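Single chain ahead, by itself, as structure tokens, in the form predicted alone.
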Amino acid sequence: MLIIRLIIAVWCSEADVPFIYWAIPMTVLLTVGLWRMFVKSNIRPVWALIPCARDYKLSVSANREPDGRTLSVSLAVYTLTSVFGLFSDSLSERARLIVGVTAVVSFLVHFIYSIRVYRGLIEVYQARRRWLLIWVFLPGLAASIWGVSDRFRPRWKVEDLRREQKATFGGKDISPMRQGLTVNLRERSVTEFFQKKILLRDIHLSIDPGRMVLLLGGSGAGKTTFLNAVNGYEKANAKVMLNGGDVYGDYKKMKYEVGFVPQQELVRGKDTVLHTLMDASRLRLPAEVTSSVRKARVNEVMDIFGLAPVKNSLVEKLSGGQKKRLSIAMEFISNPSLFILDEPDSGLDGVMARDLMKELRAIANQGKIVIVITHTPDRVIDLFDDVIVLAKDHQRTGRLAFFGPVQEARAFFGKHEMEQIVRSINRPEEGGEGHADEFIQRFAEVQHV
């Protein structure tokens, strides 16, 4: 940002001379400092000479690559609007307003994301937090000190991170079971800012029929992404087998074997409970199923979830617990072998939430596999058999930190409560202990034994 303002000041015929005298040495300090910092992080130092691009590279060295995209784009937008501002006399009043507003917004975005990148630098360099003020207001001074002084060295180099990511966490596919769920998820990625971003990697597990499984992890660990990959809604580089069937390879058939209840309630308030479930039966049962069979299945599901007494009531008149049961009943119409629920107890009090979880436990006891995300796991943990723990590694990629029985999870993490386990793998800035990589590595070693 400082270089851009300096170029514009020099170009402008009414340049602020005191500003130029101050900005030139600060720009030199910033460039030299970033050059040396990039060398320390194994980034080509020539990037320190290129505005916008060097902001992005700085974010990579700070392990804040996603923030760096926004940072560099906002700086580019600010630069363009600043150049347009030099020719404001030739622009219309409306154009000047648009340019001015865009410049202000891009400046604010750049300022906010600069702070986020600087915080990442402080973490990577293990520096005191007070350095944040120096980076914000005197980046040239901060960069020159960190670049030249041997006291400031990053905990890791960018190249080392990539090498470690490939070598340490190479997963191995497990053989599919004839009955039950087998997940061999090698990678789930998206492309952002012309760059591949890995959301999940190396998740390999098998779940026997009749098991109720808790899916645990901090915010952003990839829990919902994992569920979407398992049910085939968002396909990954993975092989998902359910009772011998290929969820990806034969999705038209297997979709009836998987029930997924999202966190949002996808029901119309003006419909009755019966009408809602009949509509669900038309969508979730094969087309060849007769009308009488559909009605019988709807009546059976209403009895299972205690909805028969309110079958003629409007959905909008139902209580919160009844609405949750209705959402679950809609997916249970097809009698799936795998039942996945994303926070089914959200918005319910403790008693209602536990009653709902007991019903899910009863479903699992029928030989179904039930996977549940809940933000209050400890009040119902006695109802679960196993726990899947996902954690973000140092690259913010979701990985498998543990899978197994609840009691083994307590022993593995050295914690009794599930919320304590989440705290142990969360990053320090999230109020956690920051041990995610340690547990990911330990569990990977256990799996490969």
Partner chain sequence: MSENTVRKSPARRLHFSHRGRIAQTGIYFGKLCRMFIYQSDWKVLPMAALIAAVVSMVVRNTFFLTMEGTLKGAFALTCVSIWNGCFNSIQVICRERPILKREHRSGLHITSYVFSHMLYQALLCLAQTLLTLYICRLMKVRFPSEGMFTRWMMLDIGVTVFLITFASDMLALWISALVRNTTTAMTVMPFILIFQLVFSGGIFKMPSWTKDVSRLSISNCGLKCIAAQADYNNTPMSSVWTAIKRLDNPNKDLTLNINPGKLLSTLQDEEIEPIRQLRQMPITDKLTVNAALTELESAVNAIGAEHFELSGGMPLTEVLTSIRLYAVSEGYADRRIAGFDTVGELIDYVLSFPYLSEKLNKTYKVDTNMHEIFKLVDENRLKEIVTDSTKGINYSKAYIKSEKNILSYWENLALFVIGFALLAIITLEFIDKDKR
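Residue numbers count along the first chain shown, from 1. Between two forms, the rigid core is the largest collection of C-alphas that superpose within 1.5 Å. Computed from a predicted model, the values in this text were never measured in an experiment.
Only in words, not in the display: the form predicted together with its partner chain, which the text now covers.
Engineer: Does any part of residue 285 reach within 4.5 Å of its partner chain in the predicted bound form? Heavy atoms only, please.
Structural biologist: Contact check for residue 285: yes, within 4.5 Å of its partner chain in the predicted bound form.
Engineer: Heavy atom to heavy atom, is residue 204 within 4.5 Å of its partner chain in the predicted bound form?
Structural biologist: Result no; residue 204 lies far from its partner chain in the predicted bound form.
Engineer: Hey, in the predicted bound form, does residue 376 get a heavy atom within 4.5 angstroms of its partner chain?
Structural biologist: Because no heavy atom of residue 376 falls inside 4.5 Å of its partner chain in the predicted bound form, the answer is no.
Engineer: With the partner left out here, check for me: in the predicted bound form, does some heavy atom of residue 270 sit within 4.5 Å of its partner chain?
Structural biologist: Close contact exists here: in the predicted bound form, residue 270 approaches its partner chain to within 4.5 Å, heavy atoms only.
Engineer: Go through 119 to 127, 133 to 141, 212 to 220, 229 to 237 and give me the stretch that gets within 4.5 Å of its partner chain in the predicted bound form, heavy atoms only.
Structural biologist: One stretch meets the cut-off, namely 229 to 237.
Engineer: Between the options 80, 314, 177, 112, which residue brings a heavy atom to within 4.5 Å of its partner chain in the predicted bound form?
Structural biologist: Contact residue from the list: 314.
Engineer: Please tell me which of 190, 108, 362, 308 lies within 4.5 Å of its partner chain in the predicted bound form, judged by heavy atoms.
Structural biologist: Spelling it out, the residue with a heavy atom inside the cut-off is 362.
Engineer: What residues in 321 to 359 sit within 4.5 Å of its partner chain in the predicted bound form, counting heavy atoms only?
Structural biologist: Heavy-atom contacts within 4.5 Å come from 327, 330, 331, 332, 334, 335, 337, 359.
Engineer: Is there a C-alpha shift of 2 Å or more at residue 290 between the shown form and the other one once the rigid core is superposed?
Structural biologist: It does shift by 2 Å or more.
Engineer: Verify the C-alpha shift of residue 385 between the shown form and the other one: is it 2 Å or more after superposing the core?
Structural biologist: Shift of 2 Å or more: no.
Engineer: Fitting the rigid core first, would the Cα of residue 405 be found 2 Å or more away between the shown form and the other one?
Structural biologist: No, residue 405 moves less than 2 Å.
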